[in-house]
Ligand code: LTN
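Next comes just one chain, in structure tokens: the form predicted on its own.
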Amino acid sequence: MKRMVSGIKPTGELTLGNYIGALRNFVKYQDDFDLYVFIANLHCVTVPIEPAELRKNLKDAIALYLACGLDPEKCTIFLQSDVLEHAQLGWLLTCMTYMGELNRMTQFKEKTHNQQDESIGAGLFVYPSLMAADILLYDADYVPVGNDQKQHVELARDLAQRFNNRYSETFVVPEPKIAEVGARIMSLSDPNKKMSKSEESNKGCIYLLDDLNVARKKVMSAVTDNLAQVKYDKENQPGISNLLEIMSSLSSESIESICSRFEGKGYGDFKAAVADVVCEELAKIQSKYHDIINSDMIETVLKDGAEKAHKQAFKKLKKVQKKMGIDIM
């Protein structure tokens, strides 16, 4: 069975975009791959965050992973920081990463736009090397990512090949796996931007733990256009196209079928139907979430997951260190 590795950085509440673009795919992938899913808490501290807020985000993320359908009997779920080999291999790969490669990282440029160098943490600059370690530790064949993260997988591939060429065959060279539909859900208030918790206004972002009435109101107030037709046309109707992707992803009904169903109908009817599908999905997730958060399931899942991940990571790190000459035993 091919192996797949991925993780989510819990810097805030998980969104509907996270769910459609990543979590739902993980649930599908766990039946077809040897799936390792980690909570990327080491990546969280590349920018300042209050400890209490981080702890809550971590616990919520794990509970939501499980509520969304990840099964610890089918996949390995763990905290990144519980497997110390992530940080150690991250440092070794940082030493093999070129400054030019890190300078070209689009996300680094976006996150540091208009900031002075003196105020930018070094961790934010080198974290792609740690992300490469997250992947290469487990000999991942595939890494499910959105288009905005594909560049980081390309760096992991380059580092794997560089190490293999320098020290002999050691790492599997991973392939990015990008979902065709729903991989990039856009903001409801600005459909030209990705749905994100960093939006200035919460109107464009639906959170998995939003009150259902709040979520419905956000859908009903989503930006559309004056063309008065439910048609999938990202260039001329980005708002409607985004709502179509959301509805299709959650209901498994094809976009063509939805468009046909709402032919000649107003945007109000269409938005109401999208809101029904969104709220139905959120209600199921939230019910499971509350059951999990009030049990001891999280502690058990993380303990078992870390033990399994550590066995694989330890063997890989020992092999790497021996080939590099820093391990004499």
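A residue's number is simply how far along the shown sequence it sits, counting from 1. What you see is a predicted model, and the numbers here were worked out from it, not measured in a lab.
Here the subject shifts to the form predicted together with the named molecule, a form of this protein not shown in this document.
- Contact of Ala40 with the named molecule in the predicted bound form (heavy atom, 4.5 Å): Ala40 belongs to the contact set for the named molecule.
- Task: Please check if Phe171 has a heavy atom lying within 4.5 Å of any heavy atom of the named molecule in the predicted bound form.
- Result: No, Phe171 sits far enough from the named molecule in the predicted bound form that none of its heavy atoms falls within 4.5 Å.
- Task: Evaluate Phe78 for contact with the named molecule in the predicted bound form, applying a 4.5 angstroms cut-off between non-hydrogen atoms, and reply yes or no.
- Result: So Phe78 does not count as contacting the named molecule.
- Would Val145 show up as a contact with the named molecule in the predicted bound form if we use heavy atoms at 4.5 Å? Residue-level check for Val145: yes, a contact with the named molecule.
- Message: Counting any non-hydrogen atom inside 4.5 Å, which residue from Ala222, Val230, Leu159, Ile135 sits next to the named molecule in the predicted bound form?
- Response: Contact check passes for Ile135.
- Query: Which single stretch, out of 162-170, 145-153, 209-217, 248-256, brings residue heavy atoms within 4.5 Å of the named molecule in the predicted bound form?
  - Reply: Flagged stretch: 145-153.
- Message: Is it true that Val5, Gln107 and Met131, all three, sit within 4.5 Å of the named molecule in the predicted bound form, judged by heavy atoms?
- Response: So, yes: the whole triplet contacts the named molecule.
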